[in-house]
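Below you will find one chain, with nothing else, as structure tokens; this is the form predicted alone, and questions on how it binds or moves follow later.
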Amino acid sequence: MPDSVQTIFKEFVKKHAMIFTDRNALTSHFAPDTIPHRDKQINMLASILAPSLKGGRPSNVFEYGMTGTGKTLVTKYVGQELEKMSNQGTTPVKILYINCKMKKIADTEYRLVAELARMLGQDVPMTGLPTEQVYQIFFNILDSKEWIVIIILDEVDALVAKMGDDFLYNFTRINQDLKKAKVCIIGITNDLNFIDVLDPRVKSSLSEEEILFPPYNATELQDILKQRVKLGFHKGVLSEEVIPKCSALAAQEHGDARRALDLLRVAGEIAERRNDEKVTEKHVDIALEKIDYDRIVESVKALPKQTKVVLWAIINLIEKGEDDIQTGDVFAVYEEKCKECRLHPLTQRRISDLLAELDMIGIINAKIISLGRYGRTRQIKLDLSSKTKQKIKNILESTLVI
């Protein structure tokens, strides 16, 4: 290892912590003792799950809201409190939490069910068994005693996109065959339209109870940041404009508390690297630019191949000087690129759905406009700087070669 790298590490270890007291408190996965501005959702979820303490099966719950609105935090918090209470002599309750975007854990039906079985103490090989046998292993361990098992499927839309909703139907109907145990499913999604694309049978079973998590406003985000600042920063290191600026920027992005925390933490890290004694508005501006670039690049890398072709088509049209780009324009270029990449093209309706997904993650702006008796279309603009656009194009072209 070069001496300069060793020097950086040694200096960091020796350096007095001027900025942070607990960096972890400024991350989205940190669980504070209280969750500001989510009392309504906490109480609603607790009321739905409370019958489990007396052996009753709670209704299945569907939670939806934009990224960073507290869905996962609230669900884990209520689940932990429920487990604590169940350990005091009531009916045993077991919480199983799965992030459906985790590779090698929830990217196939086999792995999902195997992971749930492992969480209940039953070892299952990662591969090699028929899926039906893995289901039977899970079912046997599940029904081995009288308890309530609550399965939390976070970002459940990602799982349905990979394998359809048949598995979800199986999960929501599992209680019909259980003799001792009872199961409750909690589905969490950022996709506000997700429930509408499900099979009607799944929809009615999963969304017995629904909880909406609205975006935070700027004032609420300030309260959240103030709580975390007390835990994570040394007193007095933040300039007075930092919290309002981080809150305002995140409020513009659908009221995303995760984004507000990321901005605040990265601003502090930038100040720390520069040996600045205070975190200022200047550090927030630098953090914003860095986070936006990193988010977009990582989002593009993770896109499915068909979505990458759609994004490539949009960039191609923009570089040709097209101003008024609509769904049909994108579809025409997309079809040609599919031939070149030897991909089977999707329908124009499905391409419209992919455009909506790109809009949701902030890469494009796809405004729906009416064409009168000719229906509706999307008017598309790229939401990237020219520098980022070129880097994104390079990533796309390197991954779309035959």
Ligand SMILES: Nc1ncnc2c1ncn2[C@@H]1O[C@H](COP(=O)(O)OP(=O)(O)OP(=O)(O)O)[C@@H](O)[C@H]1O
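Just so it is clear, the structure is predicted and the values come from calculations on it, not from any experiment. Counting begins at 1, following the sequence as shown.
Absent from the display: the form predicted together with this ligand. The rest refers to it.
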| property | result |
| --- | --- |
| 4.5 Å heavy atom contact, Ser28 to this ligand in the predicted complex | yes |
| 4.5 Å heavy atom contact, Gly56 to this ligand in the predicted complex | no |
| Residue contact check: Pro36 to this ligand in the predicted complex, 4.5 Å heavy atom | yes |
| Proximity of Phe233 to this ligand in the predicted complex, heavy atoms at 4.5 Å | no |
| Stretch in contact, per heavy atom within 4.5 angstroms of this ligand in the predicted complex, of 225-233, 299-307, 317-325, 203-211 | 225-233 |
| This ligand in the predicted complex reached by all of Pro244, Ser247 and Thr280, non-hydrogen atom within 4.5 Å | no |
| Of Phe138, Tyr216, Trp312, Phe171, the one that lies within 4.5 Å of this ligand in the predicted complex (heavy atoms) | Tyr216 |
| The single option of Ala114, Leu261, Ala106, Ile148 touching this ligand in the predicted complex, heavy atom within 4.5 Å | Leu261 |
| Within 4.5 Å of this ligand in the predicted complex: residues from 65-84 (heavy atom criterion) | Met66, Thr67, Gly68, Thr69, Gly70, Lys71, Thr72, Leu73 |
| Cα-Cα shift for Met163 and Met360, closer or farther in the predicted complex, minimum 3 Å | closer |
| Sense of CA distance change between Gly255 and Met360 in the predicted complex, threshold 3 Å | farther |
